[in-house]
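Given next, in structure tokens, is a single chain: the form predicted alone.
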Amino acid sequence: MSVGGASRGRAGRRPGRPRAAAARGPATRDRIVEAARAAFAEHGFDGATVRTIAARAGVDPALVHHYFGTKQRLFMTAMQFPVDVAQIFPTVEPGPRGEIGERLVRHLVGIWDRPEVLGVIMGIVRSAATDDAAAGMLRSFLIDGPLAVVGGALQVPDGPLRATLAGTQLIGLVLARYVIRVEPLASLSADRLAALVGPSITRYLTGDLGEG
């Protein structure tokens, strides 16, 4: 056997082909998550394929399955919201009760506009209509998250209903501003949006809802 043949036999692989283990590691996993976040933000859960995500990350699709098992698990990992909703009420609570909606909208839009948050928002919203897990994340992201915390802290009757009503308003705002990008709404500042949308949120959270 030639020296070259012996070398090839010892390596157990073709020259120039990297070992599979060399392509694995924390950096590769993080790259897949980042690629998935971008793909879900652009195409939603149904439109983003494992093959497309792997191509964006520069890895074989088998590695995506190696790390995450299923596309659903990858989605849940990539769409983790990077903000603790429990910290929202202490931030927006100080101030007149009648302006709680303005403070909440200003604070939330300031968070949503962050690049590291915007991809998560886009992915969740684009996927919520067709994927149950994404729909649940959207509810947690708004209604069962910050609005439930704020509504509970305000100690008003019909808290769950109020949180849901305010949440529908904010979901519409997210859809129009970030997904559809309706102008001039998409270009308004957080302060301007707070002044325009905030009073409706305040009414839902603290105002008279009428008799049920």
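So that the term is clear: the rigid core is the largest set of C-alpha atoms that superpose within 1.5 Å between two forms. So that there is no doubt, residue numbering starts at 1 and follows the sequence shown. Every value quoted in this text rests on a predicted model; they were computed, and no experiment measured them.
Here the subject shifts to the form predicted in complex with a further copy of the same chain, a form of this protein not shown in this document.
(message) Given the stretches 180-188, 146-154, 58-66, 29-37, which is the single one in contact with a further copy of the same chain in the predicted complex, using a heavy atom cutoff of 4.5 Å?
(response) It is 180-188 that comes within 4.5 Å of the partner.
(request) Could you tell me which one of Leu108, Val125, Leu74, Val92 places a heavy atom within 4.5 Å of a further copy of the same chain in the predicted complex? (result) The option sitting close enough to the partner is Val125.
(message) Counting heavy atoms only and using a 4.5 Å cut-off, do Ala48, Arg51 and Ala133 all touch a further copy of the same chain in the predicted complex?
(response) No, because Ala48, Arg51 and Ala133 lack any heavy atom that approaches a further copy of the same chain to within 4.5 Å in the predicted complex.
(message) Would you classify Leu138 as touching a further copy of the same chain in the predicted complex, given a 4.5 Å non-hydrogen atom cut-off?
(response) Taking the distances in the predicted complex, the answer for Leu138 is yes, it comes within 4.5 Å of a further copy of the same chain.
(message) At 4.5 Å between heavy atoms, is Leu142 in contact with a further copy of the same chain in the predicted complex?
(response) Although a further copy of the same chain is absent here, Leu142 would touch it in the predicted complex, with heavy atoms inside 4.5 Å.
(message) Taking a further copy of the same chain as it sits in the predicted complex, is Thr70 in contact with it (heavy atom to heavy atom, 4.5 Å or less)?
(response) So Thr70 does not count as contacting a further copy of the same chain.
(request) Sequence order please: the residues of 184-200 with a heavy atom within 4.5 Å of a further copy of the same chain in the predicted complex. (result) Those in contact are Pro184, Leu185, Leu188, Arg192, Ala195, Leu196, Val197, Pro199, Ser200.
(message) At a 2 Å cut-off on C-alpha positions, does Gly47 qualify as shifted between the shown form and the other one after fitting the rigid core?
(response) It does shift by 2 Å or more.
(message) Please check whether, in the predicted complex, the CA atoms of Leu142 and Leu161 lie closer or farther apart than here, given a change of 3 Å or more.
(response) Closer together, by at least 3 Å.
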